[in-house]
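Below, in structure tokens: the form predicted alone, a single chain.
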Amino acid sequence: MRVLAAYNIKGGTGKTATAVNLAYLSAYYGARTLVWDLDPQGAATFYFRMPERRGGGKRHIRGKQDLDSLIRGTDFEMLDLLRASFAYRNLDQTLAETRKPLERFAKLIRPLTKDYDYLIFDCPPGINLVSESIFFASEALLVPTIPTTLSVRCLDLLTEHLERNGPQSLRVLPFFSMVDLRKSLHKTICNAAPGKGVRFLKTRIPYASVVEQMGVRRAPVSVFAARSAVDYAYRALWDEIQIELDAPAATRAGQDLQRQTQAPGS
């Protein structure tokens, strides 16, 4: 089972749209897929037309309740959801009360390996014990990054933190989201592809009202806006992620070195 996390320190960058749309495409292409909505706001749960769970959080995080009993099927074949709970607002404290909290999520999802090909975490913003535990449970972080100075700065903070404290095996896969090339700043930052030691994926998710309509339609973009620019972008992003995940480590290292030597001012 491949474990991915839609994550950013900064809020409002498109994490939930990333998790929902890529999970749908994963299932659409035939992979058994599970989304775990860890954000107490429950946006992914809402998009999949489900109510949030009442209470809970502590029991399954502490291992007193199997995750299997909490998983629900969505309206889409091969795609399941572990719904959010508003109690997740206290998840950091709950983790702190467990033994080996950084290993907790990896341990919790281990029994699901035989049932799913992909698990995608929809993570809340911020960096805390919850995100740290997610880092150690995941193969890659999918980091939607708006082409603005503050958003890129947050990516730099993340990569610097992971260099010091993160698992060495964790991949960081940033990509530009909510891109509006009519804005000179967006165009400049996209062309510069900044970032400290991290190579941006080539695919860019455009800024478009169709993404906002997910909240009205309560469905992934590919369901109600197939063949739109955003639909094509998410399909291209999913394809690119598969290539990145399967690339040999030596190839990835060479690409990252090329990225750094081509950086502006190098």
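Note that residue numbering begins at 1 and tracks the sequence as displayed. Predicted, not measured: the structure shown is a model, and the values here were computed from it.
What comes next is about the form predicted in complex with a small molecule, which does not appear here.
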property	result
Non-hydrogen atom contact residue 203 with the small molecule in the model of the complex at 4.5 angstroms	no
Partner proximity in the model of the complex: residue 17 to the small molecule, non-hydrogen atom cutoff 4.5 Å	yes
Contact label in the model of the complex: residue 208 to the small molecule, heavy atom within 4.5 Å	yes
Distance check, residue 68 to the small molecule in the model of the complex, heavy atom within 4.5 Å	no
Proximity to the small molecule in the model of the complex, single hit among 178, 152, 109, 141 (heavy atom within 4.5 Å)	178
